[in-house]
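In structure tokens, the next block holds one chain alone, the form predicted alone.
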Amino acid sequence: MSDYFQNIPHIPFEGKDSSNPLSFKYYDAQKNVLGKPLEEHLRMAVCYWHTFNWPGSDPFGGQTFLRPWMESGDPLEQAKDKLENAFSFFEKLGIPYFCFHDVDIAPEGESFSETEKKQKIIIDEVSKKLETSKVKLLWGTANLFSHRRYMAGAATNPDPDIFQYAAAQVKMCMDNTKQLGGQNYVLWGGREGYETILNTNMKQELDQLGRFLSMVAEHKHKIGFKGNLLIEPKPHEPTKHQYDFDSANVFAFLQKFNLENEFKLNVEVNHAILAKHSFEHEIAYALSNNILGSIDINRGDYLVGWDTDQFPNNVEELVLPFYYIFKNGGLGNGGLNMDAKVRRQSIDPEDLFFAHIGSMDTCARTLIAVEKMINDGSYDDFLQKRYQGWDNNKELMNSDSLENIYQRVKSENINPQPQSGRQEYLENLINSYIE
């Protein structure tokens, strides 16, 4: 077996004054913040696909990463080699969780039965690793978008045989996720959308997707899976029109098919930006409807119009989303999955560590700032005062009518004057919590 990370030590916490790039400056896993250790609040996870599978290619160039498990050879043996290196990485980084797609961990076969056999071999190897490792599985998911069979979608495909193949793949992956003690199961419809309405029966496809998700919920209860089912919204890319465009779109879809109590959302930062929202908007919407499940924590490039999946490094962008999350009870069974990849010129083993260390430090530094924000209470006080008039006007939300309001405005000569929203004051206030 290759030991790709043999020259990398275990990553220590050395504090913000350390000059050691292979150390944490803010992520002290056991530091008590808001009543719990940082590690328990953030529940950070390495994504298997970008970290160990992505070869460094882009639309104009091929592989730049020369990882030993990417060399030619028996695919199953390469999968085992990759698994050994992945757990070496997890343990040296001190990360508590990881996530995977089914095809990340094991190669596909010529038939579904052959694929399932290969999956079983590697899943059993992962089970053995989990018995002796502190790392746990945050969530599993099935890749229903990379293979050419899914070029017109999976659950929304016009071919019912592809619908069935996708269903079988999800069943297999859900069972494997349960076996590994996964705390969630994610469905990301990478191609559940369309390129042109010319060849699309939208009602048919939406009904198929609703039926597919209903079967997933049924299977969860059948096998006794205790984790959350999560849907990851994305507006476009690779398809122009995704059916799971954003949090509001997904919630409306779930309500239509009576699934709002079966699924929560796995919200991704970069997907929010592609949907022309802010990350805090998507978080606030999900929380207001009790459907926030987990987070893909990354960032995009504001000069590039696609999903660049970069590691987070901007505390200012994360303070408000983290405030909403941790003011409202935290991530529960969810976590912060680093769905990000190093740049294609970052070709050394150390680069994978630099990226994850920076991401974990950024999230820790953000939560430390949010603790100050919550304990100070100035922001909460502002919001409470801004809406306090509603405390004395509860009938407006319950039993009042347009006729009653009309009469009251006339008889009491109600003539309201606008109040400042104080946006600039609030921006300065939030920045004051960041060190």
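Everything quoted here is computed from the prediction, not taken from an experiment. Start at 1 with the first residue shown and count on from there.
Separately, the form predicted together with D-xylose (XLS) exists; it is not shown, and the next lines address it.
A heavy atom within 4.5 Å of D-xylose (XLS) in the predicted bound form is found for exactly one of K234, H356, K264, K82: K234. Here is the short version: of E192, D102, E268, D246, the single residue with a heavy atom within 4.5 Å of D-xylose (XLS) in the predicted bound form is E268. In the predicted bound form, no heavy atom of Y26 sits within 4.5 Å of D-xylose (XLS). Heavy atoms of F145 reach within 4.5 Å of D-xylose (XLS) in the predicted bound form, making it an interface residue. Interface residue remark: E282 is not counted as part of the site for D-xylose (XLS) in the predicted bound form, having no heavy atom within 4.5 Å.
Contact between D307 and D-xylose (XLS) in the predicted bound form is found at the 4.5 Å heavy atom cutoff.
Stretch-level contact check against D-xylose (XLS) in the predicted bound form with heavy atoms at 4.5 Å: of 226 to 234, 197 to 205, 153 to 161, 253 to 261, the positive one is 226 to 234. Residues from 127 to 141 that approach D-xylose (XLS) in the predicted bound form with a non-hydrogen atom closer than or equal to 4.5 Å are W139, T141, in the order they occur in the chain.
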